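Form predicted alone, single chain, as structure tokens, below.
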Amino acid sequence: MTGRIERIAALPAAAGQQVTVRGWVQHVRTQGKVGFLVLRDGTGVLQCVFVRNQLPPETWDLFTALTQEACVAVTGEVRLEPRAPGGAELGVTALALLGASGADYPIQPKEHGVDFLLDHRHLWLRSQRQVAIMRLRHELEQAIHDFFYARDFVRADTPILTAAIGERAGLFGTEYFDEGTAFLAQTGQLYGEALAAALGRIYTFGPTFRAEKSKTRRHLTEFWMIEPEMAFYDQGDNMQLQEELLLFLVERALERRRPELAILERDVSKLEAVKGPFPRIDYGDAVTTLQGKGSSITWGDDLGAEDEALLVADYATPIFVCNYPKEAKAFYMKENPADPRTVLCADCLAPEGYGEIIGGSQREDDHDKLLHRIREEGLPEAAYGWYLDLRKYGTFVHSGFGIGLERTIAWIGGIPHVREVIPFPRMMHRLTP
């Protein structure tokens, strides 16, 4: 085979040239003496045209014997074709089989149940929709790094195995040598606060684990979280940063991932309507609004998924629900001086029923109040000695938040369930593949 090796995305610039493209067979069809092979290589999709009387018989025979997902190398002349995916097609002169694919390839162009697809996730990922989702995920991950880098935040990595916990939700525990039980981290926040005292503004980006027995479309047991912590930010500064981040991510998706959003059949007008400033609603007002819409919520309850959906139904943008009751939130949140029953926190709820995508708060910087809350929660005081030290040695006003990557991707991509937005989802009843 002759011709330099090219990736599909680069072919329009190689019009009129002989190239070789390597990839996987997506579809094969013949019309008399002409055949068409749709090839994908991870960068795009290419139509390859085979003309029987212009090819050696063995090449035509090899082409007609190809099965879905066979790995091949195809050589030919690049032709510009506006109707083709990516704007180019290949007039084939040679074909080589690199890796055969069995005729029993499990995922066929027909309806499959979700459990079947998840059992074959390692193959399902090759489908056009899943490729589009993974590319959107990649773009948003890169955008997050770009956002914080431009604002002089330091990327910091925090432990996955920890003795200190940050939330009330279920924990995955494991025996840790002679040190007792270690927990898989639910959050890197507590360590992030220590790093903020050293570096000013930091963010973490990594996997987190929650042993919640939940089967909803918004929950995974292993997911990725981005957690900034900022010295000298109060809760107002904190919410402003969250708003700027979400606007940046939406704009980035619209700017760079329109083709993927089209494959996902995302109504981009919904994203184009996302503008600041985001409404800020006090928790008490939210409860009153929800009661007026028929919810049975009472003051002191946390908002459930149905309540969140009711609350955002009248908004085209995300909204902040602020100042929740102390008992509904984590021990480290700053007591609200205007109403000590509440804390200086906010949940950011995405529109279209996607619910909470960010939770943030000003952190309690008073040593004695924080110690009181740790004792109230019945937490192992010794495990938090280092965390209390942050309030003993140069305490400072600081705030932070956690944004769930998968929930954010689901909202921006218009994807109903978070299980599709992570390569290999871990859920209550799924540990494989």
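If you're wondering where the values come from, they're calculated on a predicted model, not measured in any experiment. Counting begins at 1, following the sequence as shown.
This next part talks about the form predicted together with the RNA, which is not shown.
A.B. asks: Taking heavy atoms only, is Lys334 within 4.5 angstroms of the RNA in the predicted complex?
C.D. replies: Residue-level check for Lys334: no, no contact with the RNA.
A.B. asks: Is Asp115 close to the RNA in the predicted complex, meaning a heavy atom pair under 4.5 Å apart or at it?
C.D. replies: Taking the distances in the predicted complex, the answer for Asp115 is yes, it comes within 4.5 Å of the RNA.
A.B. asks: So, Ala305 and the RNA: in the predicted complex, are they within 4.5 Å at any heavy atom pair?
C.D. replies: The answer is yes: Ala305 has a heavy atom within 4.5 Å of the RNA.
A.B. asks: Would Ser269 sit within 4.5 Å of the RNA in the predicted complex, counting heavy atoms only?
C.D. replies: Contact with the RNA, no.
A.B. asks: Taking the RNA in the predicted complex as the reference, which of Ala143, Leu311, Leu220, Val92 has a non-hydrogen atom within 4.5 Å?
C.D. replies: In short, Leu220.
A.B. asks: Within 206 to 238, which residues have a heavy atom closer than or equal to 4.5 Å from the RNA in the predicted complex?
C.D. replies: Read in sequence order, the residues that approach the RNA (within 4.5 Å, in the predicted complex) are Arg210, Glu212, Lys213, Ser214, Lys215, Thr216, Arg217, Arg218, His219, Leu220, Phe223, Met225.
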